[in-house]
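Single chain ahead, by itself, as structure tokens, in the form predicted on its own.
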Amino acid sequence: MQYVPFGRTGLTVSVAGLGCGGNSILGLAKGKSEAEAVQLVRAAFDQGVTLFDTAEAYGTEGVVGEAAKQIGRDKVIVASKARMREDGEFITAAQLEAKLDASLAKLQTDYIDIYQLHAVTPAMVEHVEEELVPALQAAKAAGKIRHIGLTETSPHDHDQLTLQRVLPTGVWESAMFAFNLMHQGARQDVFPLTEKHGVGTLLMFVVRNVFSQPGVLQQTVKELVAAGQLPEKLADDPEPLGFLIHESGAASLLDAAYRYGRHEPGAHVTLFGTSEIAHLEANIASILRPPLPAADRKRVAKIFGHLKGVGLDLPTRAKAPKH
């Protein structure tokens, strides 16, 4: 495993982080038991993964807490998140405190390394800054959380306006956001801010259905061509990203996608989800491989660099966070 400093937090994190939600929610969505999910987390740790990202919305805080207890709490970095709405209304500071206490109980710990507000839309920013930031800072002062973060709502904020608004304030120590082969806007809009302000970065949507499910990429490209967003010659290309796969390049499209995200300047943790140990090992292997060839990266940026909102499909099995 490779490890890097996580922004200004003082944490050192594994470049591969296990996402404990997504389509599989550690296999729970595929019929596996909580004991098996705990074993999956432990298998990731055995591969060198030290950062585990869960959330109130995922229902896996208990699994992560049990695994962390078995591994040793001080050996892992636990990230969790609070939903932003209750009964259709923005949460209050008191509700956030209650959510934090509930997460601590499920995680069987007295602190969370990175506590994040989950899926913050641009419309929520004012409320977050006025109502919730003071509560987060108080919880940090009390030792309940070590570092304050938030996640964007990628499918509903393609221009990443939330992060562009909040990161310059200097409050946030961690940011989770989308970046992938066909959604590269963070290169101009987010990474310059995270690097300037020392914010740790957690990349999500690096791989989604568009890169992992047969036929989805081809259909997506056809739709983008029809919308005038891609050259017409790509409409009938059976492998629109096939140029990435060659002897000195990527071994597969998934391999290319993980390596493209992992080696973007400013990227700290590339998140991945899985339900199987073999898949876990393959994902980690890709994340640890060298960058894609420079010529391939330039070609991806030239063809797809202007696109926004591609590959940001919400989980099809796990319950998505409320927006």
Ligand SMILES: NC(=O)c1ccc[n+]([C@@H]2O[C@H](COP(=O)([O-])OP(=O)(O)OC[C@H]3O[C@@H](n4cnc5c(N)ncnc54)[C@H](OP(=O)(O)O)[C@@H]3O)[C@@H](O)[C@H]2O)c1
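Quick note: we count residues from 1 along the sequence shown, nothing fancier. Here the structure is a predicted model, which means the values were calculated and not measured.
Only in words, not in the display: the form predicted together with the named molecule, which the text now covers.
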item	value
The named molecule in the predicted complex: contacted by all of Gly19, His118 and Thr151, heavy atom 4.5 Å	yes
Among 68 to 76, 229 to 237, 181 to 189, 205 to 213, the region lying within 4.5 Å of the named molecule in the predicted complex by heavy atom distance	205 to 213
In the predicted complex, Ala267 touching the named molecule (heavy atom, 4.5 Å)	no
Ala43, heavy atom within 4.5 angstroms of the named molecule in the predicted complex	no
Interface membership of Leu292, the named molecule in the predicted complex, 4.5 Å heavy atom rule	no
In the predicted complex, Lys81 touching the named molecule (heavy atom, 4.5 Å)	yes
Sequence-ordered residues of 46 to 81 touching the named molecule in the predicted complex, heavy atom within 4.5 Å	Asp53, Tyr58, Lys81
